[in-house]
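Single chain ahead, by itself, as structure tokens, in the form predicted on its own.
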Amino acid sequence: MQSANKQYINGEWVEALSRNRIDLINPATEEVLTSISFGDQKDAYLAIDAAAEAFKTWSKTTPYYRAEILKKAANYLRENLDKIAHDMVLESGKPLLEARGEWTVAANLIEWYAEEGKRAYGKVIPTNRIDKRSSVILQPMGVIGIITAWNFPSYNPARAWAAALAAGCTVVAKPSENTPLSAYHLTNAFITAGLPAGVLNLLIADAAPVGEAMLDDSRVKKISFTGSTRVGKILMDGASHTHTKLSLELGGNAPVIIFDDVEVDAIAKAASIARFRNNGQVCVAPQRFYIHKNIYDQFTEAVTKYVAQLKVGSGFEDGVNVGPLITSKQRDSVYELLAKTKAENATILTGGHQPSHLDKGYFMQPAVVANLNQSSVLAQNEIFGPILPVFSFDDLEDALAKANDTEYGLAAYAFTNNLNTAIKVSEGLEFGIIGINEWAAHGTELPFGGWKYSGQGHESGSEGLYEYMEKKLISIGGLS
């Protein structure tokens, strides 16, 4: 079991070789929760050694054997939901209801990949010669480096770890140092389930030296990264020298197009909840709200009313909708965006300040901002915080042009009761995930991936499993 917040390498909880430790801060109170072992490149190489050795045997196990371990891990998470959700609130600040929901989804992902691993079938291909037989099989790729972000500290690693392990790969995992408690719980789930030593290795460390080690060591066949577009570009540059494969789930700037044939008040109420899930710190969060000019004023008034009613505070407090931002740095970056949009003469209709009843913690009262144009900093940047910017559009072509005017291409949303409009907008949006009349277009069984600067490759669904498997053509000739 997890001991003293250490690294987990080759089946043992160990201190970082440097003996370095850092403090873990509660973002709601700014108090030190605990200290955690903080590793570096040397620890990464030890973890790669362990994963490479374990791959020799783990890759030879059957998907049925691997499935039993994954299902036990999923059950462990469900049985310990109260404790692990409590710790997620402490380290991330998100409301307890959201934390419980995230851990439930993490368990579902692990169980789903336990079963999906049994369905990596391959195929037999008819050829143009009677003396030849050809088939394609899928085999585990090897050691996988997995670097994940803090905003979903169980969901992000669970979907990548589970897919890689179900495929028969071994893992060197580097979760965020801002939310390590969730990673410890997730690791303990696999340990309790009987995962052999070396198959999963956990590093709490700075991402840069760990990423360099993963790129430098040829035994690491692929890196799966969830994080910023800036770091994704660094990994792409490094991978060009080492031929390391990459899966990148990067930034987003999701547009929401709301046409004038909807029930405005109902959409505004739903938008006030969807926009501020996890305090807006969500890569697929609805961000840029484009409202048809005929209902712009009506929607803006309604959404402002509902956003002003959102309760901000500790994730443990009943009725809280919005917790703190993850760090003081993240809070300051969101306030800086708000200051810039003020300089652009935008109008802040509600929020945008530290709540008066909270003198500690990285909080911001959720804001609604209007009188914006397409050149605004709130249109051109990923906000990753509690701001809801409202824009207007004239017609379908205008909406698509404005929505697609971004380097990002992860998620987009549209609301209309017209089937013709729904089809045209879904086909015209340049994003990898499209939600029509819904705020949660993603799912355990569905492929999750972006276009343009939002990344490459996919998580979740069967596509997420195949990201960690190599295709092999086997062709037999000379048959009589």
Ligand code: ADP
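Heads up: residue numbers just count along the shown sequence, starting at 1. Fair warning: this is a prediction, and the values are worked out from it, not measured in the lab.
The form predicted together with the ligand is left out here; the points below concern that form.
Trainee: Spell out, yes or no, whether the shortest heavy atom distance between residue 148 and the ligand in the model of the complex is within 4.5 Å.
Mentor: Close contact exists here: in the model of the complex, residue 148 approaches the ligand to within 4.5 Å, heavy atoms only.
Trainee: Could you tell me if residue 174 has a non-hydrogen atom within 4.5 Å of the ligand in the model of the complex?
Mentor: Close contact exists here: in the model of the complex, residue 174 approaches the ligand to within 4.5 Å, heavy atoms only.
Trainee: Determine whether any heavy atom of residue 293 comes within 4.5 Å of a heavy atom of the ligand in the model of the complex, and answer yes or no.
Mentor: Taking the distances in the model of the complex, the answer for residue 293 is no, it never comes within 4.5 Å of the ligand.
Trainee: Does residue 266 reach the ligand in the model of the complex if we count a contact as any heavy atom within 4.5 Å?
Mentor: Contact with the ligand, no.
Trainee: Tell me, please, which stretch of 309 to 317, 346 to 354, 174 to 182, 361 to 369 lies within 4.5 angstroms of the ligand in the model of the complex when heavy atoms are compared?
Mentor: Within 4.5 Å of the partner lies stretch 174 to 182.
Trainee: Identify, from the list 226, 406, 201, 287, the residue with a heavy atom within 4.5 Å of the ligand in the model of the complex.
Mentor: Only one option qualifies, and that one is 226.
Trainee: Note which of 220, 248, 235, 379 lies within 4.5 Å of the ligand in the model of the complex, where distance is taken over heavy atoms; exactly one does.
Mentor: Flagged contact: 235.
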